[in-house]
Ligand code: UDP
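Starting off, we have a lone chain in the form predicted alone, written out as structure tokens.
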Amino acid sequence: MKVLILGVNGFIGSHLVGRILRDTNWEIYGMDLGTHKITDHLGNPRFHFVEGDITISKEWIEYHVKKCDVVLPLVAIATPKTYVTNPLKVFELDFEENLRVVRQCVKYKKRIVFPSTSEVYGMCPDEAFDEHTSPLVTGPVPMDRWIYSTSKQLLDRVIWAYGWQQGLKFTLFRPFNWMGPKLDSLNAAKEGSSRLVTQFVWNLIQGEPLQLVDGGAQRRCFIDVEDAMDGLMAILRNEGGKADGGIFNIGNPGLDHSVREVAEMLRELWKDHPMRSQLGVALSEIVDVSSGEFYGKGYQDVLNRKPSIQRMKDTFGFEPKVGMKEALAKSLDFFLQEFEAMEQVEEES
């Protein structure tokens, strides 16, 4: 099988490359703006990488959509701070650029495996979100935070419509707070624009307060990226066509924690970590901050976000295994290695 991955140097893309090269004999054709998360794989003869921008390298993309068997358009802005500060950029990249790729898959009759998002459920009132029955509830237009959710939701609906009207072979998967090494870069965390775990790790390394937006009462269900990859690989293998036309939540409802609990767990891991002594930094305090202070106006949050993974279990036998503390420890150690590398580069320059 030939697999095209756009955004191959991202969090999901980089882990997926590793899994495919390790567990299959498939060929990968990948594009991204850089290579820092996939450096270890660049020498593999089954991995064909080109540096490019989805908004510019349109001919290359169309040629490889024609050439490959399955397409994963993973390019997206997925950081809440950007939803509020630059909503048009989110719409243009996450919706418009990806719609062009979807239409090419229709034109050339190629299978598409598209990353939807847990954000599409918005403020859904259900205890656990079901892919086929739960309502998708978003906030008012002045709350720019919802532009990511609604851009992704509209693409979900367009892909679904292409499926039943024009025979597009597709699968939608919805990640619920995947975490692990390579989640974001520490440079993004420096600017305060990374996702939760990366941001907290950077703050801990710097001895800065861990800021809990509106008290950190929001609950999320986290999943270790290795467990998540088990689910995504099952979808890609698609034995017996079981994934065709399906929507699948990929998450771990057993790891349901508040943002405050995540901050406390990471702080506890860091408290006795040998590298904290080495750096000589004070143990960060946990402080409350309003969403207006942290994100600016236009932000709105969701208190609960729990997936039903029954469809994944019934279809693929999916069963996440990694516990929360183990997943957080893996993430912490990875980012500490990245920090040491950053420090070394600064010393050499």
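Each residue number is its position in the shown sequence, starting from 1. What you are looking at is a predicted structure, and each value in this text was computed from that prediction instead of being measured.
Another form exists, predicted together with this ligand; not displayed. Remarks below refer to it.
Contact here is defined as any heavy atom lying within 4.5 Å of this ligand in the model of the complex, and by that definition each of 145, 259 and 295 is a contact residue. The partner is not drawn, yet in the model of the complex one stretch among 85-93, 267-275, 127-135, 199-207 has residues with heavy atoms inside 4.5 Å of this ligand: 199-207. Though the partner is left out of this view, residue 305 does reach within 4.5 Å of this ligand in the model of the complex, counting heavy atoms only. At a distance threshold of 4.5 angstroms between non-hydrogen atoms, residue 224 is out of contact with this ligand in the model of the complex. Although the partner is absent here, residue 299 sits close enough that one of its heavy atoms falls within 4.5 Å of this ligand in the model of the complex.
The closest non-hydrogen atom of residue 213 lies within 4.5 Å of this ligand in the model of the complex. With the partner removed from view, the residue among 237, 195, 100, 111 that has a non-hydrogen atom within 4.5 Å of this ligand in the model of the complex turns out to be 195. Checking 80, 139, 163, 253 against this ligand in the model of the complex, a heavy atom within 4.5 Å turns up for just one residue: 80.
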